[in-house]
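Below sits a lone chain in structure tokens, taken as the form predicted alone.
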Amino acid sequence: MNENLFASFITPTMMGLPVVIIIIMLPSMMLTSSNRLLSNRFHTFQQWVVKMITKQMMSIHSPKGQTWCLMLVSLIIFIGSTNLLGLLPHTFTPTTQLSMNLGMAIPLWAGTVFLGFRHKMKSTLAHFLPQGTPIPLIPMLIIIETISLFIQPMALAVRLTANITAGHLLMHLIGGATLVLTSISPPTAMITFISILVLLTILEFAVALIQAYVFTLLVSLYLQIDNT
């Protein structure tokens, strides 16, 4: 139990060089395309997931918003696969790093805002001041709406980081407690392992996929709001 609780969140290095780029590229290397006439089950499942995500995400968008289809599908597959790979033993989860999540959130958010100002300037500016606002409240509402606009990418990144990090910490704590109980009371350790740790692992699988969906869905909603 002397291991540092946050040791699993430290960026791994090899010969003094960070290997996080290789880890980030690993999910994309696993998802390969097939040139065969008849695809195997993995590629069939991959195509089904892409079609389902595309239908779910693009049904609410205009033709201009649908040009983001490839970006959004790639985003949800990347985040989901990265989160799932991070649940394997002795692995590193890049989405626990706030800097990486901000690196994804800020460009996507800036792109949606830029498209909104470029294509529908009046509609985008109208979001800063709701119709029928009393004149004395206009300056305050404009300041509040501007702050809420700039908080959006931070909220995206912090939400993903906090949920993934909290799950990993909880699994680490319960796993350490189960290991200690093994030498004290093996039956209690077995009950803890089956009733808590296994169920928590299943929950973390669900959280990994749900957080990827929530992150991409919010980007999709920002795109819809700024282009309607």
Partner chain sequence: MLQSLIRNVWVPMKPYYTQVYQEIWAGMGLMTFILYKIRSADKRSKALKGSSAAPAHGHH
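Given the structure is predicted, the values throughout are model-derived calculations rather than measurements. Residue numbers count along the first chain shown, from 1.
Omitted here: the form predicted in complex with the partner chain. The next part is about that form.
Colleague: Counting heavy atoms only and using a 4.5 Å cut-off, do 68, 108 and 114 all touch the partner chain in the predicted bound form?
Modeller: So, yes: the whole triplet contacts the partner chain.
Colleague: Taking the partner chain as it sits in the predicted bound form, is residue 119 in contact with it (heavy atom to heavy atom, 4.5 Å or less)?
Modeller: Residue 119: yes, in contact with the partner chain in the predicted bound form.
Colleague: Going by a heavy atom distance of 4.5 Å, is residue 85 a contact of the partner chain in the predicted bound form?
Modeller: Looking in the predicted bound form, residue contacts with the partner chain do not include residue 85, since no heavy atom lies within 4.5 Å.
Colleague: With the partner left out here, check for me: in the predicted bound form, does some heavy atom of residue 102 sit within 4.5 Å of the partner chain?
Modeller: Residue-level check for residue 102: yes, a contact with the partner chain.
Colleague: Please name which of the stretches 140-148, 87-95, 126-134, 69-77 has residues with heavy atoms lying within 4.5 Å of the partner chain in the predicted bound form.
Modeller: Flagged stretch: 69-77.
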